[in-house]
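Just one chain follows, in the form predicted on its own, and it is written as structure tokens.
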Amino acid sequence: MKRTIFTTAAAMLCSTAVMADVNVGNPMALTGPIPDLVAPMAQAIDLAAAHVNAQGGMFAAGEAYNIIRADSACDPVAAVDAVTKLINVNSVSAILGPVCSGSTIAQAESVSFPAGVTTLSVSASSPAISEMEDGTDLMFRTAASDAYQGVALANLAMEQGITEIAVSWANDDYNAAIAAVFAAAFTAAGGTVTANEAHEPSKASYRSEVATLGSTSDNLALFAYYGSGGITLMRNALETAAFDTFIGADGMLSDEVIEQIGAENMGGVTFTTSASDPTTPAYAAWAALAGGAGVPASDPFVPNSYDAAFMLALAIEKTGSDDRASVSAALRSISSAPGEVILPGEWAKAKSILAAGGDINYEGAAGNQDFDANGDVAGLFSKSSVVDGAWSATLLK
């Protein structure tokens, strides 16, 4: 592991131990279908590391908390390659990320689970992640499962008076899973799914798919990444006036959608995403820190990203070592009661309490981070529509 005492003859004579830094691997989708969504998430992670290092660093020696970043590209193969290098070459203590569900599942099954390395994802939300745990307690995430978001979106559709809808979903782990949850919940609530069709990502045109779906309903539930077909499909639908209403989830929630489609064409568009309660002391602390650093505090998964980076540092600090085997249990300990409440940015306070043998309970920017048996958090969701040319979000209760 990285926190090792390297001893030379000279060092032994001087009775001096040299401690290495604490390294955490951070596979992020820096390229691929959602780079604009990911950029502020990476900023939030870097801000958490900066707070740790500015307030005493790790352990008594004040070692640096380093984020070792790699590009997982929202692609399972790239994620496996990136995490393999992070674990086997960079010898990281834990994995912070990846962003996309397919990447998270692939790297865990192929690399991090076999290596005994804890994964704390910042945004992967497929319900399948809850079901893949093998009893080793190595998978956690700071964003709620789409098992919850799909239901919230179905309820929102019904509240908007939508009683029948066509469903189109990109053929990948994230979009397929949330589409399935949405369709089941919408039907259970009394709605009718008029068509439920997969589409392949990154096609030049979806006119054929749009024509088929549009013949069944004026409403479309679109589950896609904006950069790998979502914008193109929506543009094709608008060009042919196939639908009056679009709903969907966070894979489409990007400023690039407004730029490409045009705000004037998005009056009937509503997307949901994980959200934070802005009335909590934890969020107020986060918003002040983010504002001072130029990080967009309320952008999708940005608070979750800060929480994940800060919590991994707290977990490693609690153990007094960056030994991989101890991270999982410590992560559960620092994120739930009992213990003194720690808010975003309060590294020095947490460090002092832990050094004295006390317990802490981190309350996050994204909300309560108490993990259930599957490493999941309950989370909150918001709905976003375009107002005055920009996304405007409202918390779903």
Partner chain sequence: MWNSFGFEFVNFYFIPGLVLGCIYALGAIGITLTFSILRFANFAHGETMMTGAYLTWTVMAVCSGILGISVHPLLAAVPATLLVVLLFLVTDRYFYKPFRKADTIKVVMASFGMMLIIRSAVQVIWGPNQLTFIPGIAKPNPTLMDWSKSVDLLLLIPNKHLFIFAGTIVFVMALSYLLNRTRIGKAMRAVSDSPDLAHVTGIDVNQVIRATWIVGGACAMAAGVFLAMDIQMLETTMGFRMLLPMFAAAILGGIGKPYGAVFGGLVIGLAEELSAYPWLGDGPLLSPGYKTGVAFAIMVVMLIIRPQGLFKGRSF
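Being a predicted model, the structure only gives us computed values, none of them experimental. Residue numbers count along the first chain shown, from 1.
This next part talks about the form predicted together with its partner chain, which is not shown.
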Residue stretch of 291-299, 174-182, 230-238, 272-280 approaching its partner chain in the predicted bound form, non-hydrogen atom distance within 4.5 Å = 230-238
query = Among the candidate residues 211, 115, 193, 158, which is the single one with a non-hydrogen atom no more than 4.5 Å from its partner chain in the predicted bound form?
reply = 211
query = Since exactly one of 198, 325, 128, 285 fits, which has a heavy atom within 4.5 Å of its partner chain in the predicted bound form?
reply = 198
inquiry  = its partner chain is absent from this chain, but in the predicted bound form, do 136, 372 and 379 each have a non-hydrogen atom within 4.5 Å of it?
reply    = no
query = Is residue 111 one of the residues lying within 4.5 Å of its partner chain in the predicted bound form, judged by heavy atom distances?
reply = no
task = Classify residue 203 as contacting or not contacting its partner chain in the predicted bound form by the rule of any non-hydrogen atom within 4.5 angstroms, answering yes or no.
result = yes
message = Would you classify residue 56 as touching its partner chain in the predicted bound form, given a 4.5 Å non-hydrogen atom cut-off?
response = no
request  = Mark residue 46 yes when one of its heavy atoms lies within 4.5 Å of a heavy atom of its partner chain in the predicted bound form, and no otherwise.
outcome  = no
message = Going through 303-328, which residues have a heavy atom within 4.5 Å of its partner chain in the predicted bound form? Please give them in sequence order.
response = none
